[in-house]
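Only one chain is given next, in structure tokens, and it is the form predicted on its own.
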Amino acid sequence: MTRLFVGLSVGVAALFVLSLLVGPASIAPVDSLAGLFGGGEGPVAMVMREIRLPRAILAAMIGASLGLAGAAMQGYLRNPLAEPGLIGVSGSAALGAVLAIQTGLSAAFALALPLMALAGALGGVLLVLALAGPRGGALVLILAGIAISAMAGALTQLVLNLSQNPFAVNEIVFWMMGSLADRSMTHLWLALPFTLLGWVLLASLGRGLDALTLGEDAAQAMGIDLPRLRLVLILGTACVVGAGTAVAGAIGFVGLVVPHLLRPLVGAQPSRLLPASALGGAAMLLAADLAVRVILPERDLKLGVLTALVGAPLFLHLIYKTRKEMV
């Protein structure tokens, strides 16, 4: 168990350093580190501090958020097919961002897009809470999330359908593919408070999720407040997924695949899977962001496209493997 966490931590650290050293600008590693930690204000220092550093931090932060939220959601629903976007936060955040682009707010104000995305995520989670009710169970939560996701997706498609601005449509489509290119420290500081709050909320769920593996009745007999557990799960997931979607667009499969891969290595214990999935998610997104800079760098391959291309076949393989083991 200790080896797993040490290995994941070393992997995240190595990928983070590589993320700082790899990019379209041909800068020697020594010069890169000097520009990052030195006191100069030249072009190398600007590239390192204003472009590569926030991009690397955001990749690790958003990847950890998606992995952590995916493990928490799968633990609560006791379903390895659950993922963070199930409660409709991703779709609601995307709708807010699309409205910011379509109305021209994002062009008039640089932070309008992530702020509108955060507002959309907040609206989505409030609707989910209202629909699910204070005592609704896992099934009601799933149905409410599916309803909000479907509505947000339909409204997003309606905006695209009625838009008469081809430039806005092009920007919307590319934003929805997910990317960390051109993100700055401003985006990082905007997402950081919500992300940290979400991490604290989700990390506190370990004991309750462990008890839920025995069933809801057993968890209640052990003193677990299930309505409170569900509320903390929804709020924590909304914070991390909403913040990540606001600054990076839609990035899928990280919260679905990473917990599924690591679950056998932690003894299927949710309290251990939470930190392991956070580290695994950070490693996966750092690696994917490195790959988009190396593979077709001149074509601006989108991060969300790559995670889907890698994650979907891998997840299908895991499903096939699990099915064979059950026969």
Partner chain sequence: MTLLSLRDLSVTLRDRPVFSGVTLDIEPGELVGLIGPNGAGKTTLMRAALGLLPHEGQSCLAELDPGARARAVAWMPQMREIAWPVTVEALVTLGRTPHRARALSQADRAAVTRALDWMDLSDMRNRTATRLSGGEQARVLIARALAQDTPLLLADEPVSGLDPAHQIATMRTFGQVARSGRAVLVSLHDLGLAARHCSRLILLGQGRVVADGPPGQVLTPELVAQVFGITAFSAATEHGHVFQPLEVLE
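Model, not experiment: these values are computed from the prediction. Positions refer to the first chain, counted from 1.
One more form of this protein, predicted together with the partner chain, exists but is not displayed; see below.
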Is residue 220 close enough to touch the partner chain in the predicted bound form, meaning at least one heavy atom pair within 4.5 Å? yes
Contact test in the predicted bound form: residue 137 vs the partner chain, heavy atoms, 4.5 Å: no
In the predicted bound form, does residue 211 come within 4.5 Å of the partner chain, counting heavy atoms only? yes
I'd like to know whether residue 133 contacts the partner chain in the predicted bound form, with contact meaning heavy atoms within 4.5 angstroms. no
Sole residue of 28, 268, 296, 46 within 4.5 Å of the partner chain in the predicted bound form, by heavy atom: 268
Note which of 84, 91, 75, 145 lies within 4.5 Å of the partner chain in the predicted bound form, where distance is taken over heavy atoms; exactly one does. 75
Can you tell me which of 30-38, 269-277, 297-305, 48-56 lies within 4.5 Å of the partner chain in the predicted bound form, counting heavy atoms only? 269-277
153, 159 and 252 each touching the partner chain in the predicted bound form (heavy atom, 4.5 Å): no
Taking the partner chain in the predicted bound form and a 4.5 Å non-hydrogen atom cutoff, the residues of 77-96 making contact are 78, 79, 80
